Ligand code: PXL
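Below sits a lone chain in structure tokens, taken as the form predicted alone.
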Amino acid sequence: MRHPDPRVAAVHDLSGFGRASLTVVIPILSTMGIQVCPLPTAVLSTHTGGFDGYKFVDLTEHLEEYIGHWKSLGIGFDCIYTGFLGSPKQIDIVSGFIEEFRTPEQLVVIDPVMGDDGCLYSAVDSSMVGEMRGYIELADIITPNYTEAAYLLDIPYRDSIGEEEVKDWLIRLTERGPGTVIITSVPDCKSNSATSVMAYNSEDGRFWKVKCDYIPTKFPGTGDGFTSVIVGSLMQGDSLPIALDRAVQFISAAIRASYGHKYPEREGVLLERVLGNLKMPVMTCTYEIL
């Protein structure tokens, strides 16, 4: 049955403080006219980026009953969108959820959250990387950052990479299952003041690129925001390059709106100041076809 508004199952953790995961996913998708159905994998007092002593409640043992209730109600989803998963057990449960609820028209988006800046996050080990390599086979779209793409392909991380090599990475990742791969935070080998988002759609064989000006700051949660805008745009009927453009412009605007203020970066971008941008029509496009 077609829903009046697109319905997305959002499989992420929930932090009481700090703009990341569900506290970013829900407002972005809701602003874009998407019904968000959270499947929380854990509840934290704060997110883990920069806060000490946070309290963590693991919901793994409750996930199957939670999913079972949804199944008993006959709830369906236009998209399943997953982010950070904390253990092989969670990957196993969520894989089963995707397989059980999947329909031919449904979009499955996996953000394989594992690390950044060449390193794995403290909660991720090599066994999780191996599990993630299998898990992405279920996806229609994956959105790894440059570090995560290297780990998925078991390629050593380095600070510089050429455009043709990134295109090879994109093709190799689609060969593992997902039809579309989007790699964020790709370093620009020609400039230290820019990065890029690069994408490949294996169905039509086209590569896309959107450049991003480098801003010397680091806010947690921007990856969650980026993929959420991608999901919302595609659910609204946008093409892949338009979705890429909207996501890059939105996150860039959020960072610029936040950068001039004096507050701890660990709290995330000032999301509330830019949510209205998501309701504006696409005025300019900066994507390139490669």
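We number the residues from 1 along the sequence you see. Everything numeric here is computed off the predicted structure, so don't read it as measured data.
We do not show the form predicted in complex with this ligand, though everything after this point is about it.
Contact segment among 31 to 39, 46 to 54, 243 to 251, 257 to 265, judged by heavy atoms lying within 4.5 Å of this ligand in the predicted complex: Stretch 46 to 54 is the one.
Joint contact, I183, F207 and Y287 to this ligand in the predicted complex, by non-hydrogen atom at 4.5 Å: Not a single residue of the candidate spot has a heavy atom within 4.5 Å of this ligand in the predicted complex.
This ligand contact at Y121 in the predicted complex, heavy atom, 4.5 Å: Y121: yes, in contact with this ligand in the predicted complex.
This ligand contact in the predicted complex: L173, any heavy atom under 4.5 Å: Judged by the heavy-atom cut-off of 4.5 Å, L173 is well away from this ligand in the predicted complex.
Interface membership of W169, this ligand in the predicted complex, 4.5 Å heavy atom rule: No, W169 is distant from the partner.
Partner proximity in the predicted complex: V25 to this ligand, non-hydrogen atom cutoff 4.5 Å: It does not: once this ligand is placed as it appears in the predicted complex, V25 has no heavy atom within 4.5 Å of it.
Listed residue (I141, M132, V113, A199) with a non-hydrogen atom within 4.5 angstroms of this ligand in the predicted complex: That would be V113.
In the predicted complex, the residue from F77, Y146, F97, F84 that sits within 4.5 Å of this ligand by heavy atoms: None of the other options qualify; the answer is F84.
Within 4 to 26, the residues that have a heavy atom no more than 4.5 Å from this ligand in the predicted complex: Residues within 4.5 Å: D13, S15, A20, S21.
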